[in-house]
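This document opens with one chain alone, in structure tokens, the form predicted alone.
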């Protein structure tokens, strides 16, 4: 069984959405990724969503960004949306469209182009039932904290040396 389904409206979105795939790979979580448009291939999108039996769906969409809402309307699985910077509005249009889902059809929304965080959020969802994954996520965060502390130590040394 595939754990996470990644959908994007265009193949040009892969440059951003690949970061989600890379994060899932890093944690050994299975995924599949497809280009499927809410507007241009609605039947394909519906079939992918209805056929998915995994834990979480990550979508990337720019402009009107309907993909997240369309997907969420057809599943009770968690949907995590990544608004994409694909228009002269720098992703603000996609962000606003994504966070304005109607009551009853929730879509978790990440930052513009925030696909890595979308994957980490999906991993957190999956980890609620997987202690090993939860432990690896805690180690990941501890490593990030250690890296920040090392950078601060380096800065403090530079400040002391003048």
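No experiment lies behind these values; they were computed from the predicted model shown. Numbering follows the first chain given and starts at 1.
Although it is not shown, the form predicted in complex with a small molecule is what the next lines describe.
- Only one of 61-69, 128-136, 43-51, 100-108 places residue heavy atoms within 4.5 angstroms of the small molecule in the model of the complex, namely 61-69.
- Within 4.5 Å of any heavy atom of the small molecule in the model of the complex lies no heavy atom of residue 15.
- Among heavy atoms of residue 39, some come within 4.5 Å of the small molecule in the model of the complex.
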